[in-house]
Each structure stands twice: as structure tokens, then as C-alpha cells.
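Below, in C-alpha cells: the form predicted alone, a single chain.
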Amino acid sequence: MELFYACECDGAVCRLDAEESGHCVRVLRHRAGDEIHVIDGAGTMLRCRIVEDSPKGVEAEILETFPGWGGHPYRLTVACCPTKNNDRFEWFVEKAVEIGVDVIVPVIGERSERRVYKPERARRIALAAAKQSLKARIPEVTDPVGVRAFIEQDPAALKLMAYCFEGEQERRSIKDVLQGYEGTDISILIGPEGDFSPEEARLAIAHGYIPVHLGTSRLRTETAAVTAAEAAYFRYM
């Protein structure tokens, strides 16, 4: 199933940007009169008929709408420290979107090896992954924020933190915590290669975060983030 993303929809007509239009017309050779499927990025899939087949700007008449198409019955925010190797973080973004996530927050911690992160490429990866995995909602990839600032502003009802704690604090299995949670609003905080600092961990606990573990294996940052997203997916799906 081919999916296109429309940056502009007015209820009757949707319009593709130049990149999507070029792919639609030049690569896939669609022409006026063809039916295509379009996502609006906010959760609705549209069955459309092309009325203008310009490779610089396709316009399509909306024939039918499918709200909530490809969605999931929970809201998940994964706040993860970008890895030193940027490819690894982008791999996490792609896989988390395929699994099911709503917001990805790059967070910079005291021990982060990558101190600067530009999210533009990750946003393009999120769009491609949403289309590939047949989802109408494109998850938000936010601008980077400090770990402390995220902890202090996180509005989620259930807040989890994957951290070693080195014997300081008892941790619960993320599976057990999610199984016992009756709500649907979750945030998960994943640290950098050097883990969170003790001060960051204490601040998180003071703000209601539950310390969790992801099993007995020692996981890389990006693997831990994907594993956490999978735990939420299997809890609700």
C-alpha cells in the first residue's frame, strides 16, 4: 500500500508538497484520475483521487476519511539521550515509530557524550517510518532539552526511568509496572551511554518517576529505548 503525506488538507482537497508530489508523479507515475492514499500526519488516512498531477504540487480530491488509522490505544513519550554515534539514535527513532510512539524527546544529560543534537533528519526518518509501518499519525520529534528540565516539566501520568542505581534503589520490571497500570499516558526516560548522574536520578524520583529495569542484559542506549517502546506496545496491543 502506497502512502503519501499531505502537508495541507482543507476537508475537501489535500495537497502534497514538492518532494511527495515528485515521488507520486515522477517515480510512481500517478496521473489525474488515479486514486491514492494520503495521511494527514495527525491520525487520519484519506482515500483520494488526483485532480492535479503536477510534480511540483499534486492536488487530490478527498473521497473518504479514516480517523485513527494505524493508531494505538496509549500515549507514549520516550525521552532518550542521543548517542555519540548519531546513526544509532536514528535507528531508535525509526524502530520506535514502527512499533508505536507519540513523542520522542532528545534529552541531554550531565553524562551525555553528545551535547548538541539537531532533530531535522530524525523528523524525516519519523515521517518515512510512519508511512512504511502504515500509520496516519507522525510522532513528534521535539527539539532537545536538558534532562533536568524534562523531568521537571513531564506531565505524564505514569513516569518511568531506566537507570542502574547501583544498589541504591530497588527497581521494578517495566513489564510488571505496565501490567499494573490502568491508565494509558506513559513517559519513559532513557539515559546516555554513561547513564544518568545520581543527582538526575534523585531528581526524577522526587518528581514521581518509578525506577525500572528492562531485564538482566546490559543494553545499549538505543536498544533500551526500543525495548521500552516494545514493552508499552505489548501491554496494550
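Being a predicted model, the structure only gives us computed values, none of them experimental. Start at 1 and count along the sequence shown; that's the residue number.
The next section is about a form of this same protein that is not shown, the form predicted together with a further copy of the same chain.
In the predicted complex, a further copy of the same chain stays beyond 4.5 Å of every heavy atom belonging to residue 148. Within 4.5 Å of any heavy atom of a further copy of the same chain in the predicted complex lies no heavy atom of residue 20.
The shortest heavy atom separation between residue 174 and a further copy of the same chain in the predicted complex is within 4.5 Å.
Mapping the unseen interface onto this chain, residue 135 counts among the residues with a heavy atom inside 4.5 Å of a further copy of the same chain in the predicted complex. Partner contact region in the predicted complex: 85 to 93, out of 152 to 160, 109 to 117, 136 to 144, 85 to 93, criterion any non-hydrogen atom within 4.5 Å of a further copy of the same chain. Taken together, 214, 217 and 227 are fully in contact with a further copy of the same chain in the predicted complex: each brings a heavy atom within 4.5 Å. Contacts with a further copy of the same chain in the predicted complex, taken as any heavy atom within 4.5 Å, map within 221 to 235 to 222, 223, 226, 227, 230, 231, 233, 234, 235.
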